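Before any questions on binding or motion, here is one chain by itself as structure tokens, the form predicted alone.
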């Protein structure tokens, strides 16, 4: 009896989670593919997506794959007009890649198979999210670098490098990047203001930065050194109370 009740509750939660997705974004074809769900993978996803009640089964795999792709389609549609006007980036840096969905999605949809993706994240054992104006995230990692690599390989991303943030802080990352983005880390959980100097160092005159920000995002003095604009962003969840935007920043008016 108790087991049956638990099963019914899980089914109900799964149904609600799927119904909460924006129907237009959720109906688009999957580009990022989820591998078979193992207990290890489910545990890693739960650290990142704390709101999902997932289990190591096919139903959970399909739900997570749909949610991940819905988020990617929203990001892609926000950025595509700007990125299609630019040359194919040779080097891309993603800060806080999670399980790698955005890198895979962009490589496939934009045809960036030859671009080199650097993915900056760290292993974590607990979720320590901060909202809007949180501090820097040196102690707030909740990734799984081993599984990140597994999912990138599963999706056949060819040219990537994982930067262990606990070994190489952002201030020590070498070189510059043509595109730097962070969708649910810098700008969303942790204030861009705390990282803008590190990001500026990694940008050249042709670089573009893209960051998901809250709808009540407030500028700060250091942003006066950049050309900025905020694009509308459609959230993967239709009932979210958070209003989101995509902040673009560059050192020239090219953004």
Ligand SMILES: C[S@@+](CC[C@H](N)C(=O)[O-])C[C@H]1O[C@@H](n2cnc3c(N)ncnc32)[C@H](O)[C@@H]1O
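Residue numbers count along the first chain shown, from 1. On a predicted model such as this, the values are computed, not experimentally measured, just so you know.
We do not show the form predicted in complex with this ligand, though everything after this point is about it.
The stretch in contact with this ligand in the model of the complex, judged by heavy atoms within 4.5 Å, is 92-100, chosen from 92-100, 171-179, 108-116, 154-162.
Although the partner is absent here, residue 185 lies within 4.5 Å of this ligand in the model of the complex, judged by heavy atoms. Under a 4.5 angstroms non-hydrogen atom cutoff, this ligand in the model of the complex has residue 120 among its neighbouring residues. Residue contact with this ligand in the model of the complex: residue 195 places a heavy atom within 4.5 Å of it.
Contact between residue 189 and this ligand in the model of the complex is found at the 4.5 Å heavy atom cutoff. Between the options 63, 33, 230, 48, the residue in contact with this ligand in the model of the complex by a heavy atom within 4.5 angstroms is 48. Taking this ligand as positioned in the model of the complex, the residues of 141-156 that bring a heavy atom within 4.5 Å of it are, in sequence order, 141, 142, 143.
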